[in-house]
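This document starts with one chain, in the form predicted on its own, laid out as structure tokens.
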């Protein structure tokens, strides 16, 4: 049976095909756009709200695993096929490269010289021994010490530099496979989760994004001592927000860190990123209230919806809060219960304008002194035991790429043979990368050969 008709050979050639490599890379690049355009691992409600999807559209995209694309069967299959293609291509080409490096051709015959694009001949003066000595010194000085072989009355020289640069591409191939392994370790034994911690409280469990119903125990406690958020001048857009976290085990503090975006807390293989925040519970208000008729002034403190007693048997009821009401700063909506649950019309008081409510003309003049709003900090929690494997792969990729693209395996052959008048010197050279630079070097080398071997 011929090689072409052998199914095993055809399958091997398929997996070794450069066309397959290019096709897979195009597919990976194209499908990765999905993961860039569509935010991954949100809840169904978030997808339907943010993207305006109907339930049927969501179900279709979810069945295609577009919302968790990097864990989808089809994306992982592409990566697996790419890994197989990479391994097969390396196995097919590596033996030839290994033999080229470890068993170089030391003697160049006329057939080999004809294949060189860099080739020249010089007729040297002197004896074979004197020319041999001069060539040896010249190659050692300008290139590298040669291997000398005497055969059939001729003297052959072989010199090479950066032979192991040929392995740079295989180091790069290996690095890609190591990165794949690290990613698989992270997918199998790692997870992505989230947790919300209210100021002054702690948690000892987190919730996975794929299964938010089952808590994941931490084995330690994470306390949020304080949360701070600052806003731009418009009072609406957050400028920065930070969380003061404390890690405790068995009631003892083991780690303390203030985290912000891109500056996470790391402990026992888990990384806690500052991801979001929000208001928690009703704010606590502090008011100064003056009874207009008597001038009596009191300060009252309480939460939203509570009846705060005032002079004369009335009560102040905080009803709502805005951190920046129509760009006038913090404000509260309140009402007055004058007794027997007889409420008037709600009105607004502003913290930055102490006399604002005096113009209302009511029986009480209300001033907002302070409003304290508790926040919760939203943390994204990741565990990726394969991250160090990925880093090793990235280091090898940089090293292999630099070796493959910036170093070149350069070889030079020289043959001496006696002529009727003088010694014939044939010089040939080749580089497996950066041919123009090697050609310039070769021209300079031939000039040195002429200057050294030919008497003026």
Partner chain sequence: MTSSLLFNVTTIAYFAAMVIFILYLASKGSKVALVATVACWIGFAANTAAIGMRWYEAYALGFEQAPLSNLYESVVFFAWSILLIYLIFDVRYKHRAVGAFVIPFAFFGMIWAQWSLDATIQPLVPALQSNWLTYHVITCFIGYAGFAVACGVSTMYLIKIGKEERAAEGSPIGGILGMFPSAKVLDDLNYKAIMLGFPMLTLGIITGAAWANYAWGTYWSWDPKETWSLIVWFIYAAFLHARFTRGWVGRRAAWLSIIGFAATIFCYLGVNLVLSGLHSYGAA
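Numbering follows the first chain given and starts at 1. Only a predicted model underlies this, so the values are computations on that prediction, with no experimental measurement involved. We call the rigid core the largest set of C-alpha positions that still match within 1.5 Å between the two forms.
Another form, the form predicted in complex with the partner chain, is not on view; read the next lines as being about it.
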* **Partner-facing stretch of 422-430, 383-391, 59-67, 44-52, counted where any non-hydrogen atom is within 4.5 angstroms of the partner chain in the model of the complex** => 383-391
* **Interface residue in the model of the complex among 84, 301, 261, 293, criterion: non-hydrogen atom within 4.5 angstroms of the partner chain** => 261
* Do residue 192 and the partner chain share at least one heavy atom pair within 4.5 Å in the model of the complex? -> yes
* Give a yes/no on whether residue 238 approaches the partner chain to within 4.5 Å in the model of the complex, heavy atoms considered. => yes
* Is residue 439 close to the partner chain in the model of the complex, meaning a heavy atom pair under 4.5 Å apart or at it? -> no
* Asked: Taking the shortest heavy atom distance, is residue 138 within 4.5 Å of the partner chain in the model of the complex?
  -> no
* Note that the partner chain is not shown here; using its position in the model of the complex, name the residues of 405-425 with a heavy atom within 4.5 Å of it, in sequence order. => 405, 406
* Does superposing the core leave residue 430 with a CA shift of 2 Å or more between the shown form and the other one? -> no
* With the core lined up, does the C-alpha of residue 446 move 2 Å or more between the shown form and the other one? -> no
